[in-house]
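There is one chain below, alone, in structure tokens, taken in the form predicted on its own.
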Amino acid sequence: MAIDFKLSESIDTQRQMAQMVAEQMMRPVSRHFDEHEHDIPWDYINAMWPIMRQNPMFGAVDKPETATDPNKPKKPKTGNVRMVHLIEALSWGDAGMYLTTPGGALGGAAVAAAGTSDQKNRFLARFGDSETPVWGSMAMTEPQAGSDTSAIRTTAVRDGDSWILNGEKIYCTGGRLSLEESQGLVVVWATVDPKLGRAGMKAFVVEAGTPGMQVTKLEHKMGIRASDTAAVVFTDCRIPFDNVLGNPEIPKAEATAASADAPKGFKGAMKTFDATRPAVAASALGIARAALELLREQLSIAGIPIRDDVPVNEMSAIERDVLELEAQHKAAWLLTLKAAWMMDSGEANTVEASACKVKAGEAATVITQKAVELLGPLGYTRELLAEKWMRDAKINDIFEGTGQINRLIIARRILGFSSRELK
């Protein structure tokens, strides 16, 4: 099946609406929420909630067709392609505020990727039914286990019809919104047996208000400052047995040793990232587009045209720089569209999801840094948003798996090595 780059009327309409929201609701207050970290943009959130209830971005599921004619060809799924277009447009407005958009976010995506049908109905219904904004979040990183997820120490111990969680999670995006500001949920990755490494990892849904769970800290960050990044502590936190996503079976050490390269628990986490890494890439490229457009505008005001119809040897250094940046942006966007399209087509996209995340994270970092440089003194001041976008962009090269980790994933998949063989 060939990739069709022409947007459907439905996606194009929604993309234009998202761009309008970005221009009219996000940009005018972008600097305020950057300078007042931990203020919550309630006007934006309350305006977006009715829309997000009807059109969730994460865990996107196409609405069932109403046609009853069995001979009528089914429409191709487009939920993930739609998602990346909307995220790109909102992040053009403000990437930190986009991360406060109510909905399932990474927690919802994890449930959609690894949950059973019953769990999807039980946990995701709130993101469409609630009259007030609700958020989901995901907690994986720990103080001693940044990108090395096999070193996770948060434990889940079965006790009759319950699991009891103990441990500390950090860098939980949206942790406060999901657990303190709404009846949301967090998906917590914990080990049922530390000796099993990644094979012992499972995902558990913990709902807001569950005793034993507490948000203990909000980070002060370099960028995306409208979004909260929380530390969450679990102390004898008891949750129902069927809150474990997917297969609740605890693997035996002997069986795991024979199939150590295919730990099922860890596969659940990776399936989640296959869905969310294109979203991170799209957010990075929304920031990058904002920087490129501002750069062209300011250069035009300064009387410096960017010509793309003359030989390279006749271009100025600035012209070559700008065109190179725009080429990097376009290449990353095409990779992102492909990864999203493969998700919609039901194709495995682990390599493409990591590739677009690597390329977009790197491109956004380079583009925003270069924009600040080419804008001169104006780029380094707070008169424009260029310096903010440079700070906002870097996180996209870090969270959801660093650039280094994603390069390893790509190499292992292409070369056929396991995580033990290629570290």
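Numbers follow the displayed sequence, beginning with 1. Treat the numbers as computed from the prediction; the structure is a model and nothing was measured.
Here the subject shifts to the form predicted together with a small molecule, a form of this protein not shown in this document.
Mapping the unseen interface onto this chain, residue 402 counts among the residues with a heavy atom inside 4.5 Å of the small molecule in the model of the complex. In the model of the complex, the small molecule lies within 4.5 Å of some heavy atom of residue 229. Among residues of the shown chain, residue 146 is one whose heavy atoms approach the small molecule to within 4.5 Å in the model of the complex. Under a 4.5 angstroms non-hydrogen atom cutoff, the small molecule in the model of the complex has residue 141 among its neighbouring residues.
Though the small molecule is absent from this view, in the model of the complex it lies within 4.5 Å of a heavy atom of just one residue from 83, 322, 280, 172, which is 172.
A heavy atom within 4.5 Å of the small molecule in the model of the complex is found for exactly one of 355, 395, 386, 26: 395. The putative spot formed by 15, 18 and 307 is not touched by the small molecule in the model of the complex; no residue has a non-hydrogen atom within 4.5 angstroms of it.
Considering the small molecule in the model of the complex, the lone stretch of 89-97, 340-348, 309-317, 219-227 in range is 219-227 [heavy atom distance within 4.5 Å].
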